[in-house]
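We begin with a single chain expressed as structure tokens, specifically the form predicted alone.
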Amino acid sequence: MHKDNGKLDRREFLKQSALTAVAFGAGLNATRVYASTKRRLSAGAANKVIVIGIDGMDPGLSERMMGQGLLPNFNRLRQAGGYTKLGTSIPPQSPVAWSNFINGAGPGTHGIFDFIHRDPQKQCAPFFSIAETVPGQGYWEMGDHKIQLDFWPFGHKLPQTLLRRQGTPFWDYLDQAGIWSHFYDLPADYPPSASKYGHHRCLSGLGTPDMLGGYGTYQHFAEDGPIRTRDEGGGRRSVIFFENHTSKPPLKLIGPTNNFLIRPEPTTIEFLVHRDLQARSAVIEIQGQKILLRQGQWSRWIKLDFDLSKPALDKHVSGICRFYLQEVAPNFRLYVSPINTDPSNPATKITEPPTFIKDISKELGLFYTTGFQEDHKALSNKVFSDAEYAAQAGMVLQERLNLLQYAMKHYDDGLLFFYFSSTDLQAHMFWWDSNEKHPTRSAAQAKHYFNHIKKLYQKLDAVVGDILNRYGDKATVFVMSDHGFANFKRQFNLNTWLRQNGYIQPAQATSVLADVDWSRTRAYGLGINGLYLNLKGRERDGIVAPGSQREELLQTLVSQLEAVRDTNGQRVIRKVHRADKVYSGQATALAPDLIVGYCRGYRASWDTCLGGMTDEILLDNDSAWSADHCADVSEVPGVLFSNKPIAARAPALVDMAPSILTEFGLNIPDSMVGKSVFKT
């Protein structure tokens, strides 16, 4: 077990509350009540289960590499009967898939259907599905500041960030039974759910924001940058001017928003850059720190202090970043990583208990804490080259390996879950397993970087080998992925198709968020795989009547979409799933009506995701993001390896939680639909 008391003192609580990100964990609400007291493991039950989550690990590539002798440790498990494909979620998006793993049941129980949901009361206003920040209510005005007091007699409500995943996570049953669980970089659990009995430790992963509130906001300064700071998807760009080789005026690093102001505005830190053209180097001066970098060099993690002071309260929060000096001349370019939460002094709750991350940082120092750590947006926006992105992602992997060593050192018994993102976020950018023309690279470059993905698989094979050598005869070991991968060559604009087929009006509409006539629009697309009817009584401006009109429209849409063909006659959509047929449970209020499952090589267009429309229905993908998994559930299964023979014929993600519980001798709760993979 982990040897901290998990308690949060009042001072720490007030600090986190003031920064608006304290999560409220859901209590146990399963239909079957577990043991009311801590229980001993039943006879023959395991006391150690290790789960290694390798995001996006693909069965096709894994099988080819095992056959070539390139993955000896995975192949050892396969030969012993411990390998199978693992069914993914509908749709195969990471927050949906990992929530299936967490609940042991589908989206109907956890309420996560896409990265992007919409608010039907605001017609189709999009929001991030995993977590939501709820604004506070009430405050005292003091000059330009607001003072919120959440205790009697004031009763102000502080802003807070809430986890929107519903249902009971399987570790609650372990917690209640007195069985320890440790999770490292767990996706779809930010803010981390609370531990009622104190036997659960978790570091949040996918869904954890940076300190600007985004999911990876780099800042870039260059001589050819925009004069006014320009926001772009995933980052901000600014121009840098030099006078006698010192930046003039000083540069500004944008920090977290100061919500203590009546009119909130971002904090900023001024810094200077002194360049040496002859030495191809620069010195960065920021908050009393001097950082010397050569061209092409990364800094260590740098601590930053952001001033949120208000009347009668000296308030500061700590963040961390890394500087990367890309070029000194002829065009000076400086990249600054997203501002991460400081693990040694966190401003928000990103672990359960809050002290857990401080324990980690005491041994490991500073490290990435955002959910998206590989800066794929910097590559997509051409801030990074392919080689620079590979190097930055390599640093992320090394930090993750350091964290794994920490996890293993502090693991005695119970459940250990550890997550690797490299095989997903690097595959999105570097995967290309065909001889077809790549969207952005030559054939030689495409082959080179696909080989890079293969090397990642080999690195993780060695990691698994080490775990098996240490725990293979002492623990049940699972290695799993949430989905596989496929090339992403062609984009399908769902809203353009709906417009051209008369479901969206007027014919000149450009976005469902801007200029749609809802009095004549019957259906629209939002998110990566979702299609929604403009349903009367649900959408604010709904016109489609429930009952026979709804049913007829659904049947027509399914039939027409599954008949769509590309210009070469190739099928675009493998299957359109009806939510009322594939989802069951009490958490379906935000579900789309239809889930569009694409064939390999196809995906929703970039514009579709936020309701936009292009001139053409089908168009080439021209992004560095050249591979994906948001296809049909049948196209991109994941993998499951174990050091015990797998008996289930077609296991899926929903079977993992039941498998873990039964390994500890616990019953499978009624809320779960899966079963142990070790049983037929």
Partner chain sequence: MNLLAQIITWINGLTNTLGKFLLTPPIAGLSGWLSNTIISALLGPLLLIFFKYISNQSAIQRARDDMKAHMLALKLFKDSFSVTLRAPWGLFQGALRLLFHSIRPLLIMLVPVSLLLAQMGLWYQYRPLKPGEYTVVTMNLNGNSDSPWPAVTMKSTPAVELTTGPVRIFSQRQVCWEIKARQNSAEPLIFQVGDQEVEKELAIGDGFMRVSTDRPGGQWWDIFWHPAEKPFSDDSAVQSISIVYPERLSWTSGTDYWVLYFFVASLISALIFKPFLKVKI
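Residue numbers count along the first chain shown, from 1. Please read all numbers here as calculations on a predicted model, not as lab measurements.
What comes next is about the form predicted together with the partner chain, which does not appear here.
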Just to confirm, residue 362 within 4.5 Å of the partner chain in the model of the complex by heavy atoms? no
In the model of the complex, residue 244 touching the partner chain (heavy atom, 4.5 Å): yes
Mark residue 282 yes when one of its heavy atoms lies within 4.5 Å of a heavy atom of the partner chain in the model of the complex, and no otherwise. yes
Distance check, residue 278 to the partner chain in the model of the complex, heavy atom within 4.5 Å: yes
Mind telling me which stretch in 285 to 293, 365 to 373, 546 to 554, 530 to 538 gets its heavy atoms within 4.5 Å of the partner chain in the model of the complex? 285 to 293
Note which of 300, 455, 470, 448 lies within 4.5 Å of the partner chain in the model of the complex, where distance is taken over heavy atoms; exactly one does. 300
In the model of the complex, the one of 574, 274, 522, 489 near the partner chain [non-hydrogen atom within 4.5 angstroms]: 274
For the stretch 388 to 416, which residues lie within 4.5 Å of the partner chain in the model of the complex by non-hydrogen atom distance? none
